[in-house]
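We've got the same protein chain twice here, in two forms, each standing alone as structure tokens: structure 1 and structure 2.
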Structure 1
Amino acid sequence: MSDVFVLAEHRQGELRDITLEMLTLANGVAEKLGGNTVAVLLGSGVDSFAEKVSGYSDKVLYIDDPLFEDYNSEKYQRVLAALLDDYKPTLLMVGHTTQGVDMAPALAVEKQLPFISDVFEFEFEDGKPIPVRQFYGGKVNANVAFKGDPPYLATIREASVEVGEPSKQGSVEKIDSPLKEDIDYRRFIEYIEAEVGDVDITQSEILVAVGRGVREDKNMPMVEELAQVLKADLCGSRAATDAGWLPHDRQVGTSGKTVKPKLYLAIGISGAFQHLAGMKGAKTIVAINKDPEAPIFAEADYGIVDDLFKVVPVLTEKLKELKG
């Protein structure tokens, strides 16, 4: 009754990181609630995922059915609605991912669930989980409480928890699918892989990354020159690629690339979590931003709070001198 359910997420034969992240978070919550963590896995022939998630949960409910070969929010919604009725967990966690946000709000409306999106942490009050989320691009935190009766629904932000070694041995229970036939008002057609560009930034040793702070296309030569002195490749935030200053394959973040360079210079980037998730793994991060409260500084090793237009050209000159 006080169980925490977690929807396992996978795509194209891979279990996605968010799954174990959510289970890790769920184990903490379930412990406080005095309940179990239950992983819900929908898929076709994904026994290895069932095995994997059982290491992080008390129980795995596994529906193995060709109907779930590919993700379809409508089918997932039907199944989860039925499972909530049958099992009445206290909380259901779904990834705040492109899969989760495509389904969770509709499920919440259908089942009239107290629903909070983009949660990264839980506090507790009188034994009740209080989700914590952010507003204004990470500048403000908010505690938002569920009202009314469970089940509660939360979508969970990616990369907000560290996943440890497996510590459980949950039982795997195969159950029948409550969905008996295919749904055709929304059909999955195909995946389209991203186009491959001239430079693969996931392999770059040094990256100069630009954001909206660079303001206009005509300011790009300034950062290109810096990149040249540093023998770095250029990449950017989504704001920079949307604006067309850089090709799309140079975008860093959840909807772009995950990079792990030795050095990452973030110039005029605020540090939205979708961006941070893609560059946190850099060895050294230098951030130049005129806003001292920009979330990018939380991840940076070196911070320069100043106008980038004043700092970057001088930095380029100084580097040229030093490197002779």
Structure 2
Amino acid sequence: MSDVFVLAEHRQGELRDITLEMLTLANGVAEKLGGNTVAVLLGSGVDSFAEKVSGYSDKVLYIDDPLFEDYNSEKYQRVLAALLDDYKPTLLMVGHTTQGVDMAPALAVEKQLPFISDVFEFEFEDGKPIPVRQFYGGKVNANVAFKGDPPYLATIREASVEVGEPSKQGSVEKIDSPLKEDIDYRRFIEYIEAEVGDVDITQSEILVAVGRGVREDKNMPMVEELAQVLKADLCGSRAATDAGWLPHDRQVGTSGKTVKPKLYLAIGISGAFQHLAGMKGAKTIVAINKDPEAPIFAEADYGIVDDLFKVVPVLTEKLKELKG
């Protein structure tokens, strides 16, 4: 009853980062509960995925069946409902992703599970896990208690946990699927990948990001010059892409892309949680904003509290000098 189950997520032949992030978080929760971390993997030809997640979990339960070659929320829901009945974990973690938010609420309704979405960490009270989520654009963190008895269900925000090196050697158990026949009223048709523009920011090593603080399009050349000196790619918040300063495929955040560059330079970005969720995985974060209370500074490794229109030109010139 003290185990923490994590639903592994994969797509187009790749294990998604959210899986290892959730397992890292689950290990801390399971330790406090005195239980184990159990990865649940559904798919077809996923032996290599099972082996990989075993390095981050105490046990892997996986189903290898052609019926799960492609994601189908109805199929996942039926299997997870059966596993909850059989194993009775304390907590089930699912990614707060397009797949997770499609399936988790329906599962919660079916099994009458206490359910909290978009969680990024857990506190504990009287031995009970207390999810932490954000409100008011990331300005407030709230501890939200599950109502009722376990099992509990939570969707976990992407890029909220830093993944370390694999440190476990969990057992791997292939189990039979409780789903014996295909579901014909809800079928996978095809996977359509969003178009990638001239730059794929998810692969960029250095990113210069702009936000509302840049004010207007005529100020973009100043930022573009800095990006050129740094040999960086440009990206931005939703405000920047909605204003037309950058194409929408350069947007970072929950409604854009998740990036993990070596350096993320945020210029004029206040740091709403939707944006922070997309860039928290950066190795080094530098923020320039004149508001000392801007949420971006809570995530930044280095912060400059000043007018970006004064800072950016000076920074550009100093970098040019350093480069000879």
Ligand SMILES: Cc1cc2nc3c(=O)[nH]c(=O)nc-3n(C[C@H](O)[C@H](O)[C@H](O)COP(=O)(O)OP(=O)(O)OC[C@H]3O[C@@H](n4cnc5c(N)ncnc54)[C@H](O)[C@@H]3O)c2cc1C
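Residues are numbered by position in structure 1's sequence, first residue being 1. No experiment lies behind these values; they were computed from the predicted model shown. Under this definition, the rigid core comprises the largest set of C-alpha atoms superposing within 1.5 Å between the forms.
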Practice item. Sort out for me whether 1 or 2 is the form predicted alone. Key: 2
**Study point:** Core superposition between structures 1 and 2, C-alpha change of Lys128 at least 2 Å
**Key:** no
Practice item. Compare the position of the CA of Gly164 between structures 1 and 2 after a rigid core fit and state whether the shift reaches 2 Å. Key: no
Practice item. Answer yes if the CA of Pro151 moves 2 Å or more between structures 1 and 2 after aligning the rigid core, and no otherwise. Key: no
Study note, to complete from the structure: When only the core is superposed, Leu234 shows a C-alpha shift between structures 1 and 2 in angstrom of 6.3
Point to revise | Core superposition result - C-alpha of Lys318, shift between structures 1 and 2, Å | key: 14.5
